[in-house]
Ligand SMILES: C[S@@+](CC[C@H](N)C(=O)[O-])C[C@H]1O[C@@H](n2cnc3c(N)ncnc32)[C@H](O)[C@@H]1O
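Only one chain is included here, represented as structure tokens and corresponding to the form predicted alone.
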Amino acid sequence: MGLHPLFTLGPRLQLCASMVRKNVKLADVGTDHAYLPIWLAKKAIISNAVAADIRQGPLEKAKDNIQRYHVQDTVTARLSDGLNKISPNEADDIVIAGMGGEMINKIIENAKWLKDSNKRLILQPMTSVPELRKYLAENGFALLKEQAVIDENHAYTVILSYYNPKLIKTDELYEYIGMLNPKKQADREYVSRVLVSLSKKARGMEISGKNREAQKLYNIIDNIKSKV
């Protein structure tokens, strides 16, 4: 089998990769075709990885890619519902990307061993981002970093978190913008889309007669705008 030139990660996965620590064991949950762990292995960033997915089809493709790029000594494909088939000693950094925030919450909830300050969670939710941030804070996970990225005209946020209840800091804006810095271009673009969504929600509340709830949301929108 010949050598294949290494592919380039898209901006979304590249941002996830940038948050992975050097020489760690990685678990990539919902790995799809295993591009992230393969790339990290080829760049000699990780010591080894479990590329996990709940679907057999993508996992077979992941196995093919692992062979194609000659990283079978570093990356193992595994059928797993979330982290259920991954043991604590197999993962230092855990990437959960490309799925809804509620699903990410369930995966974390079902892996109690993540409540370890030595573990790092790199989370890239596609939906329900406020619900994810709220869950993390309520369950003792502090945010270390959060950064947005634009990928094919979609805005995504990537959250770096770990278990440390004493470091949790929240305010009324936390669920909506987390640690994003609207003065940075990608973060500002993401926040602007959050504002559009919140404005629609507030108008819907007004139409349905929920004026007090709408006003509260308008106040949050104004506070977010003051940060931009």
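Keep in mind that this is a model prediction, so the values were computed, not measured. Residue positions are given as counts along the sequence shown, with the first one as 1.
What comes next is about the form predicted in complex with the ligand, which does not appear here.
Site annotation in the model of the complex: the residue of A137, A148, A97, L114 reaching within 4.5 Å of the ligand with a heavy atom is A97. Of the listed positions (I38, V191, I46, V29), a single one reaches within 4.5 angstroms of the ligand by any non-hydrogen atom in the model of the complex, namely V29.
Against the ligand in the model of the complex, the set G101, E131 and L195 makes no contact: no member has a heavy atom within 4.5 Å.
Only one segment in the set 80-88, 115-123, 67-75, 139-147 has residues whose heavy atoms sit within 4.5 Å of the ligand in the model of the complex; it is 80-88.
In the model of the complex, none of the heavy atoms of V158 sits within 4.5 Å of a heavy atom of the ligand. Although the partner is absent from this view, L217 stays clear of the ligand in the model of the complex, with no non-hydrogen atom inside 4.5 angstroms. Although the partner is absent here, A17 is not a contact residue: none of its heavy atoms lies within 4.5 angstroms of the ligand in the model of the complex. By the criterion of a heavy atom within 4.5 Å, K166 is excluded from the residues contacting the ligand in the model of the complex.
Counting a residue when any of its non-hydrogen atoms is within 4.5 Å of the ligand in the model of the complex, the hits in 53-68 run D53, I54, R55, P58.
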